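You are given structure tokens for the same protein chain in two forms, set apart as structure 1 and structure 2.
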Structure 1
């Protein structure tokens, strides 16, 4: 019989419509004004409509969500090197970047003529970046990470979408906040590597 599929679809829509009002009656205003209500609406047990009231409400992204990279620097309260770059300007990230959107300005010590192991400036064109994460994956110093900030639209992309070192640098505490389990795994791995190096030196 023609039209059965349409009727079934309309029935599902009507069910969600009614369930939404039932949930609204159960929760009251808390459904849209409290963190509990937001969690319930996005949970597996929720009934009715699933609309997120963006931009007032935002769904939390998973830890492994990746967007534009950023550079890790020490926190301001670091004991010996506050705000120090983890990046050594080795250039591996720029070499492995598929769309070639990373470029680094290096400097040399005027007294010794040797390269300074930190970037003079660091640029990423976020309009070209494909958010693949290769730069973060290949960085030998854990100095580059993938950010969770996806709200980067702008009226002028000729200058504001080319991020320099000042825009890219974020403290270690920021990485620990957006990806706590990964940051902890990396910390334990670094400590294990340092312990292994110290053990080799003692032999």
Structure 2
């Protein structure tokens, strides 16, 4: 009979409409206030409306999330070298960057003129960066990481969108906060490397 298909379809739409309220009744206010409610709303059981009420609530991004890169430096309360760069200005990130948006000036010793493993300055043009994550992936020193801060909108780009070293440097504790398990994993593998190195030296 003509029209049955349309009615069946409209039934689906109605079901979606009703489902929102069914879930609201089931969960009550906890659907919007509790973390379990949020997980259920943003997981596979979700039916009906599943809006994230940005900016009041935001989906926490996963640890591997990648936005514009940043440079890891020591924490301010580091015992021996506060704020010291992890970057050795080896240039691998600049070489592997697909759109070539990284510029590095390597430091030189003022007396000898020899290069020093430390960047004098470091630039990333975030209007070119494609957030591919290669720099972080291939950095042998865990010194460049992908940031999780995506709220970067502003009114001007010429003065603000080339990030220099001062703007890129963020302490290790920040990385440990946004990606705890990855930071821990990297720490363990660094320690293992150092132990292996020390063992080789002893021989």
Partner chain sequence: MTDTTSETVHSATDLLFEKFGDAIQADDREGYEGVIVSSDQLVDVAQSIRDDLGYNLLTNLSYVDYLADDFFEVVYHAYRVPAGGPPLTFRARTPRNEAILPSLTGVWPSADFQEREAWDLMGIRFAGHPNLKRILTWEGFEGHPMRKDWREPFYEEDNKPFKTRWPGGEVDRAEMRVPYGMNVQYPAGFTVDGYSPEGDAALYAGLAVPESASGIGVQQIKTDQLVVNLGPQHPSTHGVFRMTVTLDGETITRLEPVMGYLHRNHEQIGERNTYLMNMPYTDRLDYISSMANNMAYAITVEKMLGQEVPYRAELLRVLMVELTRIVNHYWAIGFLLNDLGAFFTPSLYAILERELVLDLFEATTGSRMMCNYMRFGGVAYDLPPYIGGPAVKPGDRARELDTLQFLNDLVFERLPRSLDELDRLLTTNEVIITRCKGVGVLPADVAIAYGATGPVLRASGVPYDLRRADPYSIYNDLDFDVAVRYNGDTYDRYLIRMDEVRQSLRILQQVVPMLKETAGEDYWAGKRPYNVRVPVGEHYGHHENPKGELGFHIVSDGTANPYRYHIRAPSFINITPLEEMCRGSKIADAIIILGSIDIVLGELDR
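Rigid core (definition): largest C-alpha set, two forms, superposition within 1.5 Å. Numbering follows the first chain given and starts at 1. None of these values were measured; they are calculated from a predicted model.
Tell me which of the two, 1 or 2, is the form predicted alone. That would be structure 1, which is the form predicted alone.
Does residue 15 count as moved between structure 1 and structure 2, where moved means a C-alpha shift of 2 angstroms or more after fitting the rigid core? After core superposition, the C-alpha of residue 15 moves 2 Å or more between structure 1 and structure 2.
Against the rigid core, is the Cα displacement of residue 165 between structure 1 and structure 2 at least 2 Å? The answer is no; the displacement is under 2 Å.
Do you see a C-alpha shift of 2 Å or more at residue 178 between structure 1 and structure 2, with the core held fixed? No, because once the rigid core is superposed, the C-alpha of residue 178 moves less than 2 Å between structure 1 and structure 2.
Following alignment on the rigid core, what Cα displacement (Å) is computed for residue 41 between structure 1 and structure 2? The alpha-carbon displacement, core-superposed, is 4.4 Å.
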